[in-house]
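Presented as structure tokens, the chain that follows is alone, the form predicted on its own.
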């Protein structure tokens, strides 16, 4: 997920909108306490995504009331934008490590994942979205996807649509996804269903925009239950931005190839392929990929093999063109411009 975005999923303050509903979360403290007792833990590590870090001290206070006095609770200050973005340093130095806000990408006994399901009702906004979807009498098939925060209401969403005559198509995309119908900011495989339209239930614009990019043949309707807004994913502005970045990089001679060292974001084989085919490409390894960190490198353009959201969300903020691996192939002449497509992650790390 983007490593520079100031706003969390479901937060549209940068669009001038305000939150329609307040959200409360279940931090599953009892499950954490059980793990502490089972392991006789003395150190607990808590990791929150950026939009929820402010909740960390209160959760720590609540845990202190439930665990022995000699247990130390540590809050991760590292940036966190997804289940692929674990604070491995803290994880290795604690007896119990808890990652809040995302569902697991792989089975592990080293991490307690607390997905923080939303308490916001979803059926009112879906009912409003029916006006934007093709009517069931004309196009009965509809794909249904959502984010981890709303998976607790997925069956409710499906039943609501089926009761109104829709043939709801869902699938679990691949091993990077925990649930049927779940999408990530880097993976929209769950939307690969036999339906010409897809309803995305969730906050923010990044997920449905990526979904619409990867599945350009589908009509993607966004039903945002947090902000109480229904919109249609429009990729035109995004596509112009990406075409512009590719064109600016076509004259590049020196390329910086970024390999992200975050545990779930590295694509080593992809980076190696680029280096083997380009003598003027240089490997740059880093955990947090930011414009400031790259400014001192004397490169004409960069290709990011890490999280696709770094390129798509933050691309305009970099001082030189920042491309995805697919866009790089176009810029150096290996692929035609019409082959430009959205970069996604598939499989596990």
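Positions refer to the first chain, counted from 1. Because the structure is a prediction, the values reported are computed rather than measured.
Keep in mind the form predicted in complex with another copy of the chain is missing from the figure; the text below concerns it.
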Inset, instruction - Would you check whether another copy of the chain, in the predicted bound form, lies within 4.5 angstroms of a non-hydrogen atom from each of 53, 74 and 281? - result: yes
Legend entry - Residue stretch of 319-327, 290-298, 303-311, 28-36 approaching another copy of the chain in the predicted bound form, non-hydrogen atom distance within 4.5 Å: 290-298
Legend entry - Partner-contacting position among 115, 79, 202, 264 - heavy atom within 4.5 Å of another copy of the chain in the predicted bound form: 79
Legend entry - in the predicted bound form, the one of 238, 160, 259, 206 near another copy of the chain [non-hydrogen atom within 4.5 angstroms]: 259
Legend entry - Close approach of residue 68 to another copy of the chain in the predicted bound form, 4.5 Å, heavy atom: no
Inset, instruction - May I ask you to state whether residue 89 is within 4.5 Å of another copy of the chain in the predicted bound form, using heavy atom distances? - result: yes
Inset, instruction - Give a yes or no for residue 119: in the predicted bound form, does one of its heavy atoms lie within 4.5 Å of a heavy atom belonging to another copy of the chain? - result: no
Inset, instruction - Decide whether residue 231 counts as a contact residue for another copy of the chain in the predicted bound form under a heavy atom distance cut-off of 4.5 Å. - result: no
Legend entry - Interface residues of 30-67 toward another copy of the chain, as seen in the predicted bound form [heavy atoms, 4.5 Å]: 43, 50, 53, 54, 57, 60, 61, 64
